[in-house]
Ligand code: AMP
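Below sits a lone chain in structure tokens, taken as the form predicted alone.
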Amino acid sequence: MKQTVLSGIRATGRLHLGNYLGAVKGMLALQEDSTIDTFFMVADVHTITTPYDIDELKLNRREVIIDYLAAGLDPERSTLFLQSMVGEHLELSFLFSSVMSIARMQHLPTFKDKVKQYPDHATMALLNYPLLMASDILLYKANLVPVGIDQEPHIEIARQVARKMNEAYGTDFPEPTRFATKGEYVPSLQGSGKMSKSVAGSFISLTDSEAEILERLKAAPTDDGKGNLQTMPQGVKNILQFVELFSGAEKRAEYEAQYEGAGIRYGDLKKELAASIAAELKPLQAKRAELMVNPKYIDDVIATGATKAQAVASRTLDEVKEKMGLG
């Protein structure tokens, strides 16, 4: 039997390098595997669990679909869709809420972090975010979920939901596991934390030119270029991680040797790194330019993806409702 993969990215803006390395490159690899059915969504409903701008959401969810296509995701080989166009996600998440306690959801570290970040927006939608994510995954009976290590607590909720539903109602949900990708954790340019669209100055957009990439890299914190690898500042480690991702482990080793020897000239390093990043993004940007002049194709991809996703989702929801006595 084929395995099934589900992954999604929130509709909070055009994709950045962290999304590309941490999610999209993994999606592309999975799409190439003929033994896997791939479902890739734009998580626009998840976006409303934190403060957002309505007009930006309308634009951003379409932009993510365009970025998916520009990066190489193929609607003929993968199902690309908007979460909000498949209402089964919301209905199943409510059914799942009947087997999970309030205390369990409140104790999630991700919920606590978001409440600290948005103290005036501690809503039920935010509390139930992991249940909606479980619904996203289990509607398609996905075995694998290519997300970063920071999402592991949410994957564990999906596994618990699957177990509880199977035990209580005799459903046949798999217990999904996280699929790790090479660039699953892409550091912020600010020196700490991960790259994020919500943190200004932390990211490189997939649409940035080489000059814009260089300007962003110039702002990344470094030191005087010499020292011991054991005491190297985190900001320098982050820069060298980007070197490894885009220029290879050997190039990183060269710079590490320089760091313990004559010293690194960060101006030269950042110019070389900007050129390497720009070279990888150039084909994506060319494809994006082609897509932008063909809005009907984008509309067709969105409509067709919703139809394909709903065909699977509705079967799962009908099965669950029947077993719960609601059929």
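What you see is a predicted model; the values in this text were computed from it and never measured. In this text, residue numbers run from 1 along the sequence as written.
Separately, the form predicted together with adenosine monophosphate (AMP) exists; it is not shown, and the next lines address it.
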Seminar exercise, completed: Of 197, 159, 141, 216, the only residue with a heavy atom within 4.5 Å of adenosine monophosphate (AMP) in the model of the complex is 197
Seminar exercise, completed: As a check of understanding, the residue in 238, 171, 222, 151 with any heavy atom within 4.5 Å of adenosine monophosphate (AMP) in the model of the complex should be identified as 151
Problem set entry | Residue contact check: residue 306 to adenosine monophosphate (AMP) in the model of the complex, 4.5 Å heavy atom | no
Exercise. Does residue 317 make contact with adenosine monophosphate (AMP) in the model of the complex, using a 4.5 Å heavy atom cut-off?
Worked result: no
Problem set entry | Exercise: residue 94 in contact with adenosine monophosphate (AMP) in the model of the complex, heavy atom 4.5 Å | no
For this session: Spell out, yes or no, whether the shortest heavy atom distance between residue 312 and adenosine monophosphate (AMP) in the model of the complex is within 4.5 Å.
Result: no
Exercise. Mind checking whether each of 10, 18 and 186 has a heavy atom within 4.5 Å of adenosine monophosphate (AMP) in the model of the complex?
Worked result: yes
